[in-house]
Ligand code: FPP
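So this first bit is one chain, no partners, the form predicted alone, shown in structure tokens.
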């Protein structure tokens, strides 16, 4: 009976959380930590923890599809993971290869039009994993509704180092003027995979660090970060919804801050002297509390609303 009440309460709480959400993040990055600790807690070997975590990964894709998340990046195997015991590492490679093929053939993946891509230093992976990556790409490469990036042999510092070297080679060959290097140049040199900046990083397992994960895509966008205690196999939809709520609260605060800063500039110098601040204010004024919007100065209200914030 207690279990029944708990399940009903969980469903009610899920619906309550979903009712609070208005704008899901476009790109969620997940550090799936705690598989081995979960297995140890259950008295199993690490491989059983990885298998249990794979089930949570399948569930996560369903939640993202329901909530209209457009892109997910999973930290599946980091460059540091090569230091694990050889037997565990090989079993993990077997599981990754099997799951990539399973996902690529799953009806739910094709119904949801999930495109599966791998990012990282893939040359370091064994042939069976690279073959599975190529298979998943062939089977799902034409889809664009939900993009799933699987980070394998990935390290954020290594990605930035590889991008820097690629840019340096272009400069050395005379194909790129150093004066023309900008953020777009770096983005073009990053691993092919993520197509959007990261809005939200979720990390399970209790550790509060982002572990060298997507530093360019996440830090540059000031992504929200949600740390949660459950190990990855224990991660529930409720935990995911709480993470999205964290993102929405952070996004609201960020927009209010941008609007207030722009308003201060416009009040000090006037909209004609500060067109960029005027654009920002016009774009984010709706994020201000109603009382603050009502007290905008006459100068601020004169902002040219015909300006396109994207200009």
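Numbering follows the first chain given and starts at 1. Computed from a prediction, not measured in an experiment: that's the story for all the values here.
A second form of this protein, the form predicted together with this ligand, is not displayed here; the remarks below concern that form.
Participant: Among 92, 163, 153, 223, which has at least one heavy atom within 4.5 Å of this ligand in the model of the complex?
Facilitator: Answer to the contact question: 92.
Participant: Which one, 219, 185, 212, 81, lies within 4.5 Å of this ligand in the model of the complex by heavy atoms?
Facilitator: Result of the distance check: 81.
Participant: Residues 63, 66 and 117 are flagged as a possible site; in the model of the complex, is every one of them within 4.5 Å of this ligand by some non-hydrogen atom?
Facilitator: No: none of 63, 66 and 117 comes within 4.5 Å of this ligand in the model of the complex.
Participant: If contact means any heavy atom within 4.5 Å, which of 69-77, 163-171, 139-147, 237-245 contacts this ligand in the model of the complex?
Facilitator: Only one stretch qualifies here: 69-77.
Participant: So, residue 133 and this ligand: in the model of the complex, are they within 4.5 Å at any heavy atom pair?
Facilitator: Answer no; every heavy atom of residue 133 is more than 4.5 Å from this ligand in the model of the complex.
Participant: Whether residue 50 contacts this ligand in the model of the complex should be assessed with a 4.5 Å heavy atom distance threshold; does it?
Facilitator: Residue-level check for residue 50: yes, a contact with this ligand.
Participant: I'd like to know if residue 103 sits close to this ligand in the model of the complex, meaning any non-hydrogen atom pair within 4.5 angstroms.
Facilitator: So residue 103 counts as contacting this ligand.
Participant: Wondering, does residue 279 line up within 4.5 Å of this ligand in the model of the complex on heavy atoms?
Facilitator: Contact with this ligand, no.
Participant: Could you pull out the residues of 28-42 that have any heavy atom within 4.5 Å of this ligand in the model of the complex?
Facilitator: 32, 33, 34, 35, 36, 37, in sequence order.
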